[in-house]
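Quick heads-up: it's one chain on its own, the form predicted alone, in structure tokens.
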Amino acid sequence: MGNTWLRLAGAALVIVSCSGLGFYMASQWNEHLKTVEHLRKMIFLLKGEIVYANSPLAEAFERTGRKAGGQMGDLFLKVSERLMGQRGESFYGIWQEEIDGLPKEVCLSSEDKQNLKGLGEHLGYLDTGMQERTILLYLEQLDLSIDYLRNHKQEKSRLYTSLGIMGGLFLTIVMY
């Protein structure tokens, strides 16, 4: 009889943990969407600083980072600090290193990070008009990502939660 309770408790734990994994994956999708939307707002702020305020790049990144806050704001502040303490490094090199150094908690896909690195490739040494066009191109890429994430949000959330629950049930059945 004690063995039966132990088996039932084990089965319940398997189902709950697999379901939890499904809910976690669904929340990661939502977090990714929020991060990309926040990044889009930051790039708009950066565009305003570069194009309209005519700020130098280090200053533009600092102001944008302070206004935006969060981990992405910290990225911009770190880039600004490194630019102000110029040690002969190129902006693109600094930008790439800081993006590679983003914490794992920042929900950006490898494609998002690659596109973000591409933005930095053309900032800093071109005239203001070219920098604006580069930023606008990147904003279009972000808009496409946001649209995709929004359009598939409900579908993916259901899929992940259902797979988590069903996977837990399947494992429980296979174990018995």
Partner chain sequence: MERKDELINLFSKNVREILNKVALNFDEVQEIRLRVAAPLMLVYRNEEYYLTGSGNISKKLEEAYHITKNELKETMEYMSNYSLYAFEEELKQGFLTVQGGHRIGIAGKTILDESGIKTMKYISFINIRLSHQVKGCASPILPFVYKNQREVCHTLIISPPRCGKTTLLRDLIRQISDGTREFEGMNVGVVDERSEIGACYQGAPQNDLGIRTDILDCCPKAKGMMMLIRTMSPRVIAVDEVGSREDLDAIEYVMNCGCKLIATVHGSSIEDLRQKPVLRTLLEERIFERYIVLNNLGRIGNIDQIFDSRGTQLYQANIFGTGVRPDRQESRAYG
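Computed from a predicted structure; not experimentally measured. Numbering follows the first chain given and starts at 1.
The same protein also has a form predicted in complex with its partner chain, omitted here; what follows describes it.
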So, in the predicted bound form, is D74 in contact with its partner chain at a 4.5 angstroms heavy atom limit? no
When the contact criterion is heavy atoms within 4.5 Å, does E89 count as touching its partner chain in the predicted bound form? yes
Test of understanding: in the predicted bound form, would S145 fall inside 4.5 Å of its partner chain by heavy atoms? no
Q131 within 4.5 Å of its partner chain in the predicted bound form, heavy atoms: yes
Whether I50, S55 and D127 jointly form a contact site for its partner chain in the predicted bound form is the question; each needs a heavy atom within 4.5 Å. yes
Please name which of the stretches 108-116, 55-63, 145-153, 27-35 has residues with heavy atoms lying within 4.5 Å of its partner chain in the predicted bound form. 55-63
Only counting heavy atoms and a 4.5 Å limit, does any residue of 134-163 reach its partner chain in the predicted bound form, and if so which ones? none
